[in-house]
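Take a look at this single chain in C-alpha cells; it is the form predicted on its own.
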Amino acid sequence: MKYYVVKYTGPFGFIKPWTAVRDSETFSQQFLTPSIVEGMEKKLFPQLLKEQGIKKIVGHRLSYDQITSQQEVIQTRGWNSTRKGSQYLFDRPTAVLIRGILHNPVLHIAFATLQDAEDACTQHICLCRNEDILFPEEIIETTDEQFQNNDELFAGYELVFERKDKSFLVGYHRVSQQPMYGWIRVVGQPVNVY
C-alpha cells in the first residue's frame, strides 16, 4: 500500500502531558495522542469537523534535536480582588514556569491518498500551542513498510493507537471522555543531538 507522507518542520514544539497540572517545570510529551492527531486532522480537513475519529491520517512520526528549558511568564488561573473604599480592584498575578520544549521538531504525517497529502501540504499545523507553528516542506511517496521501517527517512516516536499488553493510558478524549491507550513505536534515532 502506498503512503504519501507530508514532512512538517519548525523551530519549537510543546506537547503538554495530560498529567501536568500547572507544574513549575514541565517537559514536553514526546508523542502525539489520538485526540491530538484527530485535532490536527480536523484543522487540515475542516469538512470532517462533525465526524468523530481519525479518517485520513494513517500514521505519524515525531523527532526533534533536543529538549531545551525555556522560562515563560504566565498569568495565574484565578483573579485576586481587593477593596479600596467603595471600589473593588481586580488583578491577575504572574508567575514563571520552566517548560522543556522540543527544539527543531520534525513531524511526518502519512496519508493514503495523494490528494489528502497535497491538501495538507498547503497548510501549517501546530503540535499543541498556537505559537509553535510547523510548516510543510515536502511530500514523500513511499510504502507502508518503508514508513514503518526506514529509520533514516522516518525516524521518530509514534504512539500506536491500540490497546495491548505494552499499551499505557495517555489521557481522556476531549469529546467522548473515553480513556485513550497506545504504545510507543521507536524508529531509528528520534533525538538528533548534534
Partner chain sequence: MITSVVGRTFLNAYNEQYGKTYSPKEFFEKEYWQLFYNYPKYMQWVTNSPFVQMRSGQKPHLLNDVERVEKLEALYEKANKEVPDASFALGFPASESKEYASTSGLVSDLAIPVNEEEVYLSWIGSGLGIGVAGGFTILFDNPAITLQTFEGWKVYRKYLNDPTLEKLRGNQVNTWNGQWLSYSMNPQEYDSDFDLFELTQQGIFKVDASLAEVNTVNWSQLFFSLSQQFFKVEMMGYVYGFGQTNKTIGFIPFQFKSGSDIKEVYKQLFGGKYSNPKEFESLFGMHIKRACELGSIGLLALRPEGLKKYLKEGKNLSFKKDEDLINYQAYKTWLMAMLSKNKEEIKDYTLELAKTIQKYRSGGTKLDRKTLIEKELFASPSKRGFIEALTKMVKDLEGDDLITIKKLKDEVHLMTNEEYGYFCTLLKFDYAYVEQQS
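Numbering follows the first chain given and starts at 1. What we label the rigid core is the largest C-alpha set whose atoms superpose within 1.5 Å from one form to the other. None of these values were measured; they are calculated from a predicted model.
Below, we refer to the form predicted together with its partner chain, which is not included among the displayed structures.
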item: Contact of residue 10 with its partner chain in the predicted complex (heavy atom, 4.5 Å); value: no
item: Distance check, residue 63 to its partner chain in the predicted complex, heavy atom within 4.5 Å; value: no
item: In the predicted complex, residue 31 touching its partner chain (heavy atom, 4.5 Å); value: yes
item: Touches its partner chain in the predicted complex: residue 67 (any heavy atom, 4.5 Å); value: yes
item: Segment that reaches its partner chain in the predicted complex - one of 164 to 172, 138 to 146, 36 to 44, 121 to 129, heavy atoms within 4.5 Å; value: 164 to 172
item: Post core alignment: residue 123 C-alpha displaced by 2 Å or more between this form and the one not shown; value: no
item: Residue 113: Cα shift of 2 Å or greater between this form and the one not shown (core-aligned); value: no
